[in-house]
Ligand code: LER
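There is one chain below, alone, in structure tokens, taken in the form predicted alone.
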Amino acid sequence: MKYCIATNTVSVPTVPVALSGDFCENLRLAAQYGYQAIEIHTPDVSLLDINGLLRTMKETHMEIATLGTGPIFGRYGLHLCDEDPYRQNLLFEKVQPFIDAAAALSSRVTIGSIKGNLQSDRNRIEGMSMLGRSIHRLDQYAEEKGIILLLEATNRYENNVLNTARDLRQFIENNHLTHTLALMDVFHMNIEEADLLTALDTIQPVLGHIHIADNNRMYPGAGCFPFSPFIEKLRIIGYDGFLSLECLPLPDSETAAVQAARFFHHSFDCIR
């Protein structure tokens, strides 16, 4: 397993991203703290200095695990459950450059909050079919570019679709998504899953990435999430992907990043 930390440009206490600032500097800081990769969260990848990032990755022996598309929803309100074909096309045009950038950076692209929500009066079967077509279109473009999408299961208070491991695996398989893997987040799992360990068994065949935070969305160890059995189950299923810190920058960014790195090395080094 490799340890990763989510990053953006500006720290906001209510946004679960622990490290903020210039992304090249984020790579250096993350390496200094003991991580092997960062996630980049930005609403516009055209602002990224791809060549600068590649140089810094080589300099620090770091990776960029994935590019997060959540800020697209936050800034533009675009999502994959939108019934308006114009807005669907606009969203596709916003995500395409993320896939292009991921190909250049040997990275992946996260599809999380841009899943959106089905309207309450919409037939759910029809709505899920529409969502499937929308993500399949992105999946096909990802295949053309040779990268993987990471589709995230999020809790019901943020999205009313794809909330559990079972939901996510069935959706990936039923829609024949060949370049899409599952992203599970322990904060969301703690809300949605009846049994955390069964959920990991369910998602294991398509599991591609894991977000880590404690139950209060602070750094791991600052709450009461049952990490010991979770860690043991990851060992049993043979997970060897990224463990990525996606927590609130509290009590401050440095403390969250450093404490989480210590937790990772103490808890997971024995099964890496």
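Residue positions are given as counts along the sequence shown, with the first one as 1. What you see is a predicted model; the values in this text were computed from it and never measured.
In what follows, reference is made to the form predicted in complex with ligand LER, a form of this protein that is not presented.
J.: Given that ligand LER is left out here, which of 82, 193, 139, 185 has a heavy atom within 4.5 Å of it in the predicted bound form?
T.: Checked against the cut-off, the match is 185.
J.: Could you work out which of 100, 158, 143, 167 is the residue within 4.5 angstroms of ligand LER in the predicted bound form, going by heavy atoms?
T.: Selected residue: 158.
J.: Can you say which of 107-115, 126-134, 91-99, 174-182 gets within 4.5 Å of ligand LER in the predicted bound form, counting heavy atoms only?
T.: Going through the listed ranges, the match is 107-115.
J.: Since only the chain is shown here, I'm wondering whether residue 217 would be in contact with ligand LER in the predicted bound form (any heavy atom pair within 4.5 Å).
T.: The answer is yes: residue 217 has a heavy atom within 4.5 Å of ligand LER.
J.: Residue by residue through 218-252, tell me which have a non-hydrogen atom within 4.5 angstroms of ligand LER in the predicted bound form.
T.: Residue within 4.5 Å: 246 only.
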